[in-house]
Structures are given as structure tokens and as C-alpha cells.
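The chain that follows stands alone, in the form predicted on its own, written as C-alpha cells.
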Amino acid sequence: MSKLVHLLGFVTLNVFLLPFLCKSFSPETPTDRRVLVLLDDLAIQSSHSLFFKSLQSRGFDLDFKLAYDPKISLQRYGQYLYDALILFSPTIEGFGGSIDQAAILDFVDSGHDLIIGADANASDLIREIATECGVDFDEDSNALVIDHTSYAVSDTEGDHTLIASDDFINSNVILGSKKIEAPVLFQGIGHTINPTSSLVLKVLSASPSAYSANPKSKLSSPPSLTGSAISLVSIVQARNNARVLISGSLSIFSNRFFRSGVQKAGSAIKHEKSGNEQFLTELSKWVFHERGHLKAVNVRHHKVGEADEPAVYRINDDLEYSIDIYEWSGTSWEPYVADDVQLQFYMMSPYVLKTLSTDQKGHYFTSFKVPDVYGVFQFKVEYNRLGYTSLSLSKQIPVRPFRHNEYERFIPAAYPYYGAAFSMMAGFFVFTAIYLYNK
């Protein structure tokens, strides 16, 4: 009996504490807060402390674990314990606890965010996870990105694997509005993305003179990865708005690269500090939804002159549609202002396509006449813009024809037919009278 009481008390306590343990993604405060950091070595916590402190200073709760810890888990009782995952364990061959490749991909598929830091020693496991996210690392496990024209100048002549790159994606949403003046130091492996995919983007690219090869051996054949096709750092925004950052260098996050001065080969300008800290701080704000996250509220439609939403429209009705769109600024929801939000009135194909007007305060609206076609339509807003979470809204509404007692008594378009009928009747009457009374 006492064991049963203890068991019931334990279950009750866990059920009570579960909401506090699982601070999941909330539509009201979309920023990730609890982050699991998996490391190859706890020394990385010190060698990359500036990056971690930048996250903690913005309110993130980082939970550092060794990647092979047998007790680690992403979820408990079917609820996720973390909002985001950072993998700074490039050499790991197998995770501990209940974490594996499938668990990490399920974590992303459930709408959570992921950062992957790889290097020249990246294991097959890390490479496979990156491949599932849409990028392919160089198949040569000994290959590094080499650039003999855009390398970082140093006191000792090296193998030009330390690259100074300033080929950033052109997006203020992703990298912030402040220009990154200094090049970013990068040393690691390159990868490619599918150019036809709109979900994967290069945020830091190699220069046209770069190539991927083993710096310790002579080239016996042309390298498989060359030029600007090589991505150094890429991002993914999945269809469920989960965000992933994939870097071919773990050192890019390190204190040494954050603090190092940098001078790009061929440039006379020597920067006292590299652009790594600014680049990764701004990029992490995007990955963790501190920027570029949209939500739509107050979706309304009704007939012109009315306030209530009807259950059905009639053909040729005049209607109004409105929606409010807000953007998360990192601390609060602010009105989102744009001129490219469109509405479709859709049945198999768009019968009406309207660009919504805006009052510059986040309120979007339009009006139009229901098509002269009856059936089941949808109000659809599909909004996709670089760097922003996608909005996909739809609501069905039936459209009916006129009832038999709703047609006009006399249709103006039919006046010629009315005239023809009455003139025929009058002519028949005249003809009959003449025929009957004519001797």
C-alpha cells in the first residue's frame, strides 16, 4: 500500500512539474528559451564561451551536455524539454541516451531549431544529419576549403585554409540592418546546396577562386567543389518554420576567431577584430526566431455594409476581407509593413487575386465582388518572403446561386426579347382582325 502511495505521489509531482520543465515554443513569445548544447569535449564550453555568453545575455537557458552522455534526452512523457538544439560535437559517432539521427530530425520536424557546427573531422553521423537538412558536405573526409586569393593574411605563410570571407547574403532580416564591415574568419569544410530549393540558403559563400581539397596532398584530379558554389555557412527554413544553421567550421564560433584581427589578402585594410561575432550573433537571432517571425491575427471577412461573418455568400455579393500581421522584434510583437501580401479567392484555381492594401500599422484589407460561379471557395493567403516565416492561411466558404425569388422581375438585358414577344402578339391580333373582317 505504501509503495502505491509513493508511486502515485511521484506521478502527480511529475505531471505538475511537466509544464515548467517543457517551456515549449509559444505563439505569444516565439523565441526559443531552453537550449540543449551537445559537446565533444567540455573544453569547448570555455573555448567558445563568447558565443554562448551572447546567447545567455539575451535570455537563453543553455544546458551543456557531453554528446555521449547516457542520460541525455530531448523529450519526456511525449513533451520536448528543449526549444532548440546546438550540436558542437562534430566527431561524435553515436549520441548517448535516447538521442539519435531520427530523434534529431523528428525534433526539427516538430518545429524546433538546430545549429550544427562541423569541421574537418566531421563524422558520418553529422554529415548524414546535414544531408537530411538539405546540404551535402564534401565526400572527401580530408578536404578543406582552400583559397589562394581570399585567405587571411598572417605572419607565417600557411596553406591558405584560413579564409577571410565577406560574401554575405543580402538580407537585413537574416543578418541585421548594420553592415558587417570586417570579413569572417573560416577554417573548415565546404558544402553545397540544391540550387532549386527555396528552403536552403547560403549566408556565407566562398569566393570564385576557392576550391575544396586535401591541403596535405597534391591534386591528381580537378576538385569536385569549386568557386562560389561552395557554401561555408548555410541556413534552412523548413516548411513548418523550423530553422537550421549549418556551418562547415566549428572554429568560426570560437573565442580565438571572435577576437582575432583580420586582413584579407589583396586588401590594405586590417581590421582589429573579425566579423565573426557580429555575423554569428545576428545569425543566431534569426535562427532562434528573435527576428523574422510573423503571425496573422484578426482574420475577418463579411459583406460590404455588414459586420458579421456570414456562413455563405451569394454570387455577385460585394465583400470585404481584412487581416492583421505582426512581426516579433525580439521582445514584443510589432506591426509588419509590406506591400506584397496577396489574397486568393480560390476554387481549383484563383478566381480572384488581390494585393492587400495596408494602413502601415499592420492592418491589411481589400474588397471585391464574388465571382458569378457557385461552389466551395477558399480565402487563401500564402505569404513567403526571404528571411521571414511563411504565412499560410485558408478558410472555406460556400458560394450559392440566386434563389428563384431573388432574380429581378424584369431583366434589362432581356428587353429585346420582351419586345419581340409582345410585337408578335400584337401582329397576330392585327392579322386576325383583318382576316376576319376583310370581305
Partner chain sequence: MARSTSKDAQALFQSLRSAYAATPTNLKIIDLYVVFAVLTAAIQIVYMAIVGSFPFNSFLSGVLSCIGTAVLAVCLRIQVNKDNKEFKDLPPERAFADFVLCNLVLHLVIMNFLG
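Positions refer to the first chain, counted from 1. Definition used throughout: the rigid core is the maximal C-alpha set that superposes within 1.5 Å between two forms. Remember, predicted model here, so these are calculated numbers, not experimental data.
The form predicted in complex with the partner chain exists for this protein as well; it is not shown, and the discussion that follows is about that form.
Stretch-level contact check against the partner chain in the model of the complex with heavy atoms at 4.5 Å: of 392 to 400, 66 to 74, 374 to 382, 410 to 418, the positive one is 410 to 418. Residues of 420 to 438 placing a heavy atom within 4.5 Å of the partner chain in the model of the complex, in sequence order: Ala420, Ala421, Phe422, Ser423, Met424, Met425, Gly427, Phe428, Phe431, Thr432, Ile434, Tyr435, Leu436, Asn438. Leu42 shows a C-alpha shift below 2 Å between the shown form and the other one [criterion: core-superposed Cα displacement of 2 Å]. For Ala414, the Cα coordinates differ by 2 angstroms or more between the shown form and the other one after the core has been superposed.
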